[in-house]
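Taking the form predicted on its own, here's one chain by itself in structure tokens.
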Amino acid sequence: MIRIALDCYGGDDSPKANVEGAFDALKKLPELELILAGDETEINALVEEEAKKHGSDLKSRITVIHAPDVISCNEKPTDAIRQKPDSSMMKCINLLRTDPTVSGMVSIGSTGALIAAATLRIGRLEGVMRPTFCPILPTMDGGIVGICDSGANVDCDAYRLHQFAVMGSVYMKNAFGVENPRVALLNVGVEAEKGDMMRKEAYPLIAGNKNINFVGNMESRDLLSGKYDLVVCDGFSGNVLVKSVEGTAVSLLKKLKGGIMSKLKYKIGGLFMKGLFTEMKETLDYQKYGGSILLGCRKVVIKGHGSSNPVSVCKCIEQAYTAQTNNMNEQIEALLSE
């Protein structure tokens, strides 16, 4: 059995979405056990509600631990992790730190608090400068692309970008079966000499690593083209990139829907294309792709969107499960030691 801790608070639809997603994950993964952290009374009531829908056999693989406090996104991360040891997030972090049978955790709570707690309480892999987030987005050719980093390291240098390329490559290969991932460096142009000093220094470092399939610089407009499997960037640029793409996708779908409903002839045409629109919505729905793994941490940590629904929570749990089953951390340490 693989045991994973789930922080049941911190999201827009928590804790209901978290518990529903937990049961969905248990149905998919028969070798999974979950530890749910939250207020015992509230979480147990939700567990009983879901058990009536899905059966008591799934409930037998759930343990609830009492965690009455919540770390909000408005709190200073270092103060919150010190002052709220009974929060749902810190209960999960401490389980990872002290219980060797707990393989990973999932949280959709405060990003800053999660990074600080994971780094300070769990620690980094040997040779890792700083852990990094790597979310996944769909591409236009039906594939996926990872973005590393997307917010964990706002300030970076060339050596960190090089490490992001190493860790991200291992993740894309082991978690998603992408053989020899095509790695690009986010830049303002595709030419090797383009960019600021950090990217100019990072380019030869990444290109010179025989374990990385480096294909050069990438402009942001090509992120979803399907030409790349992993895009390396600093946390500031990566966060802006990911949120811009997600926001654009949502806005375009809303605009398309509004346009179809504006005239009768568009409504009639929309009926004939309903299947296509449904496929587009499914493809562009970032909730289906889970959250961001915190690469470089000693234990598996997955950070989901604050707006995560049960589908996204379930996917985040699947990500944690997969990352644990393929010994990814051992491979990262081996490559960094070279």
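Owing to the predicted nature of the structure, the values given are computational and were not obtained by experimental measurement. In case it trips you up, residue 1 is the first one in the sequence shown, and so on.
In what follows, reference is made to the form predicted together with a further copy of the same chain, a form of this protein that is not presented.
Not displayed here, a further copy of the same chain is approached by M273 to within 4.5 Å at the level of heavy atoms in the model of the complex.
Contact between L120 and a further copy of the same chain in the model of the complex is not found at the 4.5 Å heavy atom cutoff. Contact check for D196: a heavy atom falls within 4.5 Å of a further copy of the same chain in the model of the complex. In the model of the complex, at least one heavy atom of D234 sits within 4.5 Å of a heavy atom of a further copy of the same chain.
Contact with a further copy of the same chain in the model of the complex, defined as a heavy atom within 4.5 Å, is made by all three of V154, K243 and E279. Residue in contact with a further copy of the same chain in the model of the complex (any heavy atom within 4.5 Å), chosen from L205, L125, A116, L256: L256. This chain is displayed alone, yet in the model of the complex one of S220, N213, N174, N94 has a heavy atom within 4.5 Å of a further copy of the same chain; that residue is S220.
Contact with a further copy of the same chain in the model of the complex, defined as any heavy atom within 4.5 Å, is confined among 257 to 265, 175 to 183, 83 to 91, 97 to 105 to 257 to 265.
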